[in-house]
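This document opens with one chain alone, in structure tokens, the form predicted on its own.
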């Protein structure tokens, strides 16, 4: 019997997209071969759907429907809109690296200012001059494989051993093209003893109904202290799928924070491996969702070695008919004795139609560990609302105060005072839009 795999309409659209875009994708013939292999992996897996356990709450076949064509190279008008977006969303004092519609924008970036402290290259020039190692991942995740096949550009940042960065690095993804897709892949190589803050921002500059598929590969050396902050504020009808693959060395502190305040469909999937003994990991996140937005945070923390600590704090505020998803898995390998891992997720439902799915998991293969998890969901406390309103606050203002206090535990984990205030400002603007 001959068996043929039937493709969905979306599957055919992606296949056609790769064929039509192949000539625009950077890389030598060897790199193109890596891309084709990655696309074959994607074709075998197909778009994720609810029958896959990791994607059961985020069915891309149902939520996305089609894959849009690649965005065109940004023209002068697009770059002008992007420049305004940099002014509006840039963190004061940070060194900017700007990607517009999936392409690196050198004129909007602070490459010269960064040159004295770090090495910055683009993915495009790396693939054209070097090998395709940045695309050759062993992942069997469909969206990571699709990203490897279609990535047009990104940044490759290398921070030498012992560097103490004088300012944060902010990677800003700006969408200016409507009804188009952008595939970006970046690499951050952070050396031993480095002290650095990395910010990633996703924003729109006049674009609507666009799609983003981003991947970030991060390796952190020993004895480092790194803050990695991700801020997703895409257009209300955009789709954003981001994959972060992070490896942490010994005696290193990593503070990873994510905030989602936009996008019709978004998913951050983080795969963090603690590969060196004595490391400390703090993962904190906030979803602020309204209308019919769907926000998914899926995190896998792999304790591969002994004597490591991880803490995860996640908060979701969900209004109207929005849907928040948190999937957190802590894996403790057989040799990872003396592991200390904790995870807590809380959801605040502001309407009867809001939905929260929380799925914390522990996979423990060692016997001398301290691990735990918890999950709660509920509404605003009526007695606290009454207390605030009895003192003259309008209902929306009273709700805003309680919501700020609710998400504050996660935001307060950001050590830098100015950056913490910047994130609080984003949350406050979301609350104002809700009002």
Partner chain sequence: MALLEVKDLKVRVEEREILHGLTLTVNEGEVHAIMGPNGSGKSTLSHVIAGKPGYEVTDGQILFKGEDLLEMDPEERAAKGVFLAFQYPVEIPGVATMNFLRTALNAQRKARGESEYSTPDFLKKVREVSKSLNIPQDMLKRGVNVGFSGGEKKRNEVLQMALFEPSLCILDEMDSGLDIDALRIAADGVNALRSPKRAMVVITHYQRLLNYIVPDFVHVMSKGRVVKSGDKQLALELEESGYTQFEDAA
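Nothing here was measured: the structure is a model prediction, and the numbers come from that model. Numbering follows the first chain given and starts at 1.
Below: the form predicted in complex with the partner chain, not depicted.
Position in contact with the partner chain when the complex is considered in the model of the complex, options 61, 373, 56, 389, heavy atoms within 4.5 Å: Looking at 61, 373, 56, 389 one by one, just 389 meets the 4.5 Å heavy-atom criterion.
So the partner chain isn't shown here. In the model of the complex, which residue out of 380, 393, 32, 52 has a non-hydrogen atom within 4.5 Å of it? By the 4.5 Å heavy-atom cutoff, the listed residue in contact is 393.
Is the partner chain in the model of the complex near all of 384, 402 and 405, within 4.5 Å of a heavy atom of each? Yes, all three are in contact.
Of 393-401, 61-69, 362-370, 43-51, which is the one stretch near the partner chain in the model of the complex, taking non-hydrogen atoms within 4.5 angstroms as near? Result for this chain: 393-401.
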